[in-house]
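What follows is a single chain, given as structure tokens, in the form predicted alone.
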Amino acid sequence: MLNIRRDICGYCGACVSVCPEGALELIDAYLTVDHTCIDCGICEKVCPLGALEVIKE
């Protein structure tokens, strides 16, 4: 599961461009993640602000 820290997200879109599943979308400065997310962690690694965290359940 991907946790988005909206309080620190800068909505730069870096994560959107690297997602291999296209699960992230930036709509009107609001980042969303859908059910196709595979929890690969690539977005977490590229986020310059550390706003994303993959939580393994």
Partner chain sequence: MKRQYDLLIIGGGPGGALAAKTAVEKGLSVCLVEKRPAIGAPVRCAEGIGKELLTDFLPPDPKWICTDIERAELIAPDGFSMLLEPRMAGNEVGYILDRKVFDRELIWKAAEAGAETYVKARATAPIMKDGAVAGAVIEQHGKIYDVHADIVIAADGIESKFARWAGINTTVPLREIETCAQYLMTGIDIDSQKTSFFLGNEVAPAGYVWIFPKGDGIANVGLGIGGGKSGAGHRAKDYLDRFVSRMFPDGKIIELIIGGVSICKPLPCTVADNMMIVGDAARISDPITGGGIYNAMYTGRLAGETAVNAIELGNTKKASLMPYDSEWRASKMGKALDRNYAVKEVFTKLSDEKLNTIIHSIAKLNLEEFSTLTLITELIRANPSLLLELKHLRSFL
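Quick caveat: nothing in here was measured; it's all calculated off a predicted structure. Residue numbers count along the first chain shown, from 1.
Heads up, the form predicted together with the partner chain isn't pictured, but that's what we're talking about next.
When contacts are judged by a 4.5 Å heavy atom cut-off, Glu21 counts as touching the partner chain in the model of the complex. In the model of the complex, the partner chain sits beyond 4.5 Å of every heavy atom of Asp39.
Lys45 belongs to the set of residues with a heavy atom inside 4.5 Å of the partner chain in the model of the complex.
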